[in-house]
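Just one chain is shown here, as structure tokens, and it is the form predicted alone.
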């Protein structure tokens, strides 16, 4: 017999930490990072999945299907393992191996679909097929979007409320990486009534919300995604139009950043702040730097960047960053001289 329960692995209440070195490098005084990477499975998606699994258990569901670029699948696999729910997860071909390993290690059935997440037509076809299958077989379709799972996404809105509690009442600029638009919408809703501008940051290779904001209209047009930033390759409107509506209402701006800028910001977080982020988790920082360069944010303005996922999600990008600092193999007899010459004298 199923018991009523609230599904949890201890998600939420993540740290808000002040920049220690980057702020000085950038010439700003109040820069903060919201470490959603410290959630149990390593991303903010745990907030969504905890709420969604709670509803699934209440409804008596014992299996589900899902789509993911990585982090939704990782979170879903973890919570499904804990609560004995079978799951099949459709992912794009380029999903990072770290995320795929995490899903499979928890026992999820992972299916990579050609063109999914990059080609708008293929992506829409997959969503349509899964929605029909879910209806026909009476199983939940788990997608981290208000369009598909509004109750689950409401669980993410606590993130915005936490920011207000942690940062105080003074309005802060908040920078949010945007793929489908659900995280942005949830953050903006959690900050409703605060007068905090919430900014969109997207890779240049997948501009949906940013393109519409630049044009000055409300039409989200499908694109052919070319970005390598996992998690932000959503080439058509899932929650993008909803995100755009909130963007226009709260006075935020939208920024396009190159993949190279994102990877550079990932390395800066690693080397200067000790923050272990995947590329998508460094995208907000790239947007903040753009806003600063364009004068949309002043050096004295308080600003918060969401760090949405841990570096363990994308080992390839971490390996590139680590390659700049190779290890050294030495005989024990040479250790004293090496340390004094290379480390202790610096």
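This is a predicted model, so every value here is computed, not measured. Residue numbers count along the first chain shown, from 1.
What comes next is about the form predicted in complex with a small molecule, which is not displayed.
A residue is said to contact a partner when one of its heavy atoms sits within 4.5 Å of a partner heavy atom; residue 309 meets this definition for the small molecule in the predicted complex. Within this chain, residue 262 is remote from the site of the small molecule in the predicted complex, having no heavy atom within 4.5 Å.
Contact check for residue 44: a non-hydrogen atom falls within 4.5 Å of the small molecule in the predicted complex. For residue 178, a non-hydrogen atom is located within 4.5 Å of the small molecule in the predicted complex, even though that partner is not displayed.
For the candidate spot formed by 118, 227 and 314, no residue has a non-hydrogen atom within 4.5 angstroms of the small molecule in the predicted complex. Note on the interface: of 130-138, 82-90, 262-270, 67-75, the segment with non-hydrogen atoms within 4.5 angstroms of the small molecule in the predicted complex is 67-75.
The partner is absent here; in the predicted complex, the one residue of 163, 103, 200, 232 having a heavy atom within 4.5 Å of the small molecule is 232. Only one of 108, 191, 183, 247 lies close to the small molecule in the predicted complex, with a heavy atom inside 4.5 Å, and it is 183.
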